[in-house]
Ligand SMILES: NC(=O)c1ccc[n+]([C@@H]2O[C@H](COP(=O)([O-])OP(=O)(O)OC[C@H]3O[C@@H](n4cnc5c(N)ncnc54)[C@H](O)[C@@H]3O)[C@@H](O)[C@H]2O)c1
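The form predicted alone is given below as one chain in structure tokens.
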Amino acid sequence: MRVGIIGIGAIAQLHIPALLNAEQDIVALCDIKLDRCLKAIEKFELKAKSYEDYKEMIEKENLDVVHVCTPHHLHAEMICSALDHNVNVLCEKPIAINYEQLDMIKASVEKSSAQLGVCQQNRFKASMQYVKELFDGEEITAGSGYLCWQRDKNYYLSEDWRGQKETEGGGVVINQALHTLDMLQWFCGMPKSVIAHTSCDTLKDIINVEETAFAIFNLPNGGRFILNATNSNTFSFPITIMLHSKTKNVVIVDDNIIYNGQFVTRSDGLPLFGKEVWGVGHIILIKEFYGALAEGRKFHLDFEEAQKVVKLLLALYESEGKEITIRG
């Protein structure tokens, strides 16, 4: 398929090799910093045209798919532009940073003949697929997710859109912990309400968004799941997710799984899920997306799925200690 990529920053460096691995034809790159396109063409030995204007690229290139790898606040307008031209889209998370953008994307999805896929790639990790199947048919009544990472001054100053409400849409929740929140929702189901608190203590002179968040999500079954997330540490620890049902207790640390008190291992006693190389989730997701397009079937991580975590984090931001109903 003919593919164009908008935004040739850090995350595009994962998309390009994944596309080449999937034997797709990258015909165009677009970035307001044109030298990024030229460097990527040389690095990956691409036969692609370079553009500074994504609308011009969509108009001229007869694309089958556009990958959106730009700062958060630009995702919605670029998704809609491609869908309005009936060009399929694979977008980085989050698809939107406010409800208005969600509504705008929904309208474009409903009138377009093209598909929208979203890179919430942790759902494709072998360990997460295992846990999803483990709880199949069971109601989870308690869950928690812990993200304790380091994102210092240099990280936020590396790109002018980072750490700014109007361009990133938030801080640790919308950027780093979105995947953890997505996994909790995927396992536990969609909550009905949230009570949350956010703060910024060590980076308040650098960013205007939260570096720390604590949230209690109330489930329709009377259970809850909790999110703890911070970028204020001096070291990034492995993400931990814990889940409880009537018969099962599961702890996930990185790709290690403890099920009812026992490590999940192979028959030889070694870990069943080794540490996955960064980017493998993108490789699997991108292959699945293009497989769905080629076979004319629906890609399951579509707008309906991707909007769920956005609604959760927007309600979290709105809470400020009050119980907020999750938008339907």
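These figures come from a predicted structure and were not determined experimentally. Numbers follow the displayed sequence, beginning with 1.
Omitted from view is the form predicted in complex with the ligand, to which the following refers.
Peer 1: With the ligand left out here, work out from 160-168, 123-131, 103-111, 203-211 which stretch has heavy atoms within 4.5 Å of it in the predicted bound form.
Peer 2: Stretch 160-168 is the one.
Peer 1: Could you work out which of K33, K49, K39, K60 is the residue within 4.5 angstroms of the ligand in the predicted bound form, going by heavy atoms?
Peer 2: Checked against the cut-off, the match is K33.
Peer 1: To verify the annotation, which of these, A315, I16, A306, I11, has a non-hydrogen atom within 4.5 Å of the ligand in the predicted bound form?
Peer 2: Contact residue from the list: I11.
Peer 1: Indicate whether G4 is a 4.5 Å heavy atom neighbour of the ligand in the predicted bound form.
Peer 2: No.
Peer 1: Taking heavy atoms and a 4.5 Å cut-off, does D182 contact the ligand in the predicted bound form?
Peer 2: Result no; D182 lies far from the ligand in the predicted bound form.
Peer 1: Tell me, yes or no, whether N175 is in contact with the ligand in the predicted bound form, where a contact means a heavy atom of each within 4.5 Å.
Peer 2: Yes.
Peer 1: Would you classify I286 as touching the ligand in the predicted bound form, given a 4.5 Å non-hydrogen atom cut-off?
Peer 2: Because no heavy atom of I286 falls inside 4.5 Å of the ligand in the predicted bound form, the answer is no.
Peer 1: Within 4.5 Å of the ligand in the predicted bound form, counting any non-hydrogen atom, which residues from 57-75 show up?
Peer 2: Contacts from 57-75: C69, T70, P71, H72, L74, H75.
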